[in-house]
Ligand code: ASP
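Just one chain follows, in the form predicted alone, and it is written as structure tokens.
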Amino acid sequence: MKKWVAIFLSLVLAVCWLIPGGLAEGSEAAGDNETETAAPRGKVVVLATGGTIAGVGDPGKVTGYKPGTLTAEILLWGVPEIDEVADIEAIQVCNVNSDDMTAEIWLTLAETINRMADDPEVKGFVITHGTDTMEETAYFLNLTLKTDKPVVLTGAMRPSTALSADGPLNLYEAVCLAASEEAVGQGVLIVFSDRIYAARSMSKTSTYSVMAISAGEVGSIGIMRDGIVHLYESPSRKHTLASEFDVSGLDTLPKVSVLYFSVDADPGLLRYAAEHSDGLVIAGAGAGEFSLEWIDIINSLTIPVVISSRINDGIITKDNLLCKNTIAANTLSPQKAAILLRLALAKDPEISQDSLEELFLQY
């Protein structure tokens, strides 16, 4: 008997759950809702670029999959709750592993967003992206977009076919953030595993964890819960509308190479990279340090050289520098320092060391 009572109660609760207002609201409340005028929903544009979130592999497995397989439409179809948040326009920009991201794709994303942001119906943008280079795309867009409308990147650490795939929730939360007023004017943001990050500080810190996205000492700036945005901080460095970098009309960017120093690192790599690059970034040991052999070669270079660190956290200041002809990356990782240097050289190929030093302090 108790079994049948339990089943009956479960059915009652299920029916009540499907009725707007559930058990807490009566017919009077439901009637009130019918007389309310629905607020305009607005549109969120989803720009898909591939990555693990669009990956497909053996059912249940988290490795051995092929990234960049599913289209934007299929990703959105898998999260029907998104239809309750905003009208969606899906654009397949590319469908690649994020290790195959290029400056040309970055420029396409920037041009597309800058153009579509003029549409008053568009409230914000979501970019689905592989996690390996997400931080680089986010920082590039943070410096080159000319809109204060929300632009949110997200992705996944598990392919769509994995057991407990993390992509659907990340995508849903990204759309919720992009459709929100709270995200307006905050620059490019990243949503991952319920947390909100600013583009400048976000990085990937794990090869497997669904909490692989972090922001080191700076930390996240907000939290997502049940589609609701909780922002607690705002990025203070220049971005988007305040940025001086304009990439409209460009079809490529200057080449900047990143060299990683380690014990016995071949100094010949410096000479080769300098001959084939417009600028260099050194991922130095500790506070941006390297061997005497490297010092001798770097002192002889005439192209811009920025000093960062192979360590995840910390700051490089001018006082740390071993070579007077180099620029301190401040807290930028080597890969992000390379982006800022590329944009600076695109704006002015003959930019002075003093001007570069000022840029790395401002951005």
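For clarity, every value in this text was computed on a predicted model and none was experimentally measured. In case it trips you up, residue 1 is the first one in the sequence shown, and so on.
One more form of this protein, predicted in complex with the ligand, exists but is not displayed; see below.
K.L.:
Is Gly187 close to the ligand in the model of the complex, meaning a heavy atom pair under 4.5 Å apart or at it?
P.N.:
Answer no; every heavy atom of Gly187 is more than 4.5 Å from the ligand in the model of the complex.
K.L.:
Does at least one non-hydrogen atom of Arg237 fall within 4.5 angstroms of the ligand in the model of the complex?
P.N.:
Flag for Arg237 set to no.
K.L.:
Going by a heavy atom distance of 4.5 Å, is Leu109 a contact of the ligand in the model of the complex?
P.N.:
Outside the cut-off, so no.
K.L.:
Hey, in the model of the complex, is Met157 touching the ligand, heavy atoms inside 4.5 Å?
P.N.:
Met157: contacts the ligand in the model of the complex.
K.L.:
Taking a heavy atom within 4.5 Å as contact, would all three of Arg200, Ser309 and Pro334 count as contacting the ligand in the model of the complex?
P.N.:
So, no: the whole triplet misses the ligand.
K.L.:
When the ligand is placed as it is in the model of the complex, which of 220 to 228, 263 to 271, 111 to 119, 90 to 98 ends up with heavy atoms within 4.5 Å of it?
P.N.:
Going by heavy atoms within 4.5 Å, the stretch is 90 to 98.
K.L.:
Which residue, Ser243, Ser257, Thr131, Ser214, is the contact with the ligand in the model of the complex, using a 4.5 Å heavy atom cutoff?
P.N.:
The residue in contact is Thr131.
K.L.:
Hey, which residues along 167 to 206 are within 4.5 angstroms of the ligand in the model of the complex, non-hydrogen atoms only?
P.N.:
Contacts from 167 to 206: just Lys204.
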